[in-house]
Ligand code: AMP
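Presented as structure tokens, the chain that follows is alone, the form predicted alone.
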Amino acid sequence: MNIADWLAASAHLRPRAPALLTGTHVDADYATFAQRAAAVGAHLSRHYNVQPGDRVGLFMTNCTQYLECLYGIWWIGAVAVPINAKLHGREAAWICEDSGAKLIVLSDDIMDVWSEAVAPGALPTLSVDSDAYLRLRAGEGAAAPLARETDDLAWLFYTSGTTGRPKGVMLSHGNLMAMSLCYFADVDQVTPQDAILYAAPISHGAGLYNFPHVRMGARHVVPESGGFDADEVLALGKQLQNVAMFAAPTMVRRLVDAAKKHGENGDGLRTIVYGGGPMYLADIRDAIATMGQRFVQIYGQGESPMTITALSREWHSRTDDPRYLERLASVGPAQSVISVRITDADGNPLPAGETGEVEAKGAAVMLGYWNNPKATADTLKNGWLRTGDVGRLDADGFLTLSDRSKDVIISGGTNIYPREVEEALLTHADVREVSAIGVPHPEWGEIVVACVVLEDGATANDQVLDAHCLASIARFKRPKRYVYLPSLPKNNYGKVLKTSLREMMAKQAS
């Protein structure tokens, strides 16, 4: 089954339902959305000789044309290669070369980034902002998407590449369908009256949530800004109503700050799905206190997109449960098509309560890495995805993450999980953000260094923070050093770059 069949079905069942919106303006209904996708696919086939299984790069900022092109690619059985719009042109060019893309589709605001990095004519380009695009999408295409098999490749997702060249995660039509069915079962219900807001990049997690909303004939909304602006999101929620969105924890924090500033509670934002990085207990409690019970947490990776575990709205609201705070600090139980286990260094399963590497297996797990059999063999063991994350399962199946395995600090031969230190410090009123890292030490091997961003008006005081830590965590876990920074380095998705912090500490020590 082709994932684009879901668009074709909604176009038949709800042809006049609003489909694509920029802000509050309707760009297309479902019949038009499907017609444009079919026309785009036909154009790619005729003018660029894109065949089933061929790859097409997408290097653009958020816009409704993004969805037209995605479905146009799938309509003809080809493979979408969405590329983060914030990458350098050379990085985007490398992804196109590695994937063997037949062409790249761009938005005009990225054209210069691409042109400065790539020789003219090196790869055919198509601008979604051109008059030519407007003409071609008005054409005709096949009445129905090309038939595909469950294991046929649909989405080639390139990882962030923080430890070298990014790897191409192969997601099949079956993977995407399994992920989407998990959304209905484990994350949220969707009706035709709902809207999905793309305030985070469509090229990544936020874009993956288009599928359940296409299947139900819901609205797809790109903010006029094309990205995340907290005030704009709050305004769109009130104007559109029944809005769902995916947000990284840093986006949630900014949204909560904006809501407090304006005395609002997020009216109209029905569901905020957060993930993609650690959400600290203090932050989610503050978010719920400010905006109410509208939050769902997911944990996944590109290799098992959005689908390893989920902490439902129900568990966010069960304040009378004696283990409520423990549940709230977790990432929930396994999603419906996934099995989760914890293993030791040799890959042996560990019992409940033991800490080790998180592994996942199921219908949403990737086919493997594109043209990288060694990485595939290292990461997939007997079907189990080795996530590289460290955590523990309780007896009821709730997963609590500690850290990435590479971020665990070994001091005096003892493992210290940075998140424990971070959780402790974030409960202090003066601390806005914190990241704990390990720094080499001649006696201890590593020591814990806390990189702290203070609240406005707060004064740096190591003794105060040290005493605060000692009140909640063991003495050996407390930071041996505090470094105060105006901000923490983050990647394009809001994840703190601990590697950059380690490099910063190394330069200071040299």
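Here the structure is a predicted model, which is why all the values come from computation and not from measurement. So that there is no doubt, residue numbering starts at 1 and follows the sequence shown.
One more form of this protein exists, namely the form predicted together with ligand AMP; it is left out here, but the text below deals with it.
At the 4.5 Å threshold, heavy atoms of S99 stay clear of ligand AMP in the predicted complex, well away from it. In the predicted complex, D389 approaches ligand AMP with a heavy atom inside 4.5 Å. In the predicted complex, ligand AMP sits within 4.5 Å of a heavy atom belonging to G277. Although the partner is absent from this view, L156 stays clear of ligand AMP in the predicted complex, with no non-hydrogen atom inside 4.5 angstroms. None of 299-307, 195-203, 114-122, 428-436 except one has non-hydrogen atoms within 4.5 angstroms of ligand AMP in the predicted complex; the exception is 299-307. Against ligand AMP in the predicted complex, the set V331, R419 and K495 is in full contact: each member has a heavy atom within 4.5 Å. Checked against ligand AMP in the predicted complex, the candidates K361, R404, R327, R270 yield a single residue with a heavy atom inside 4.5 Å, and that residue is R404.
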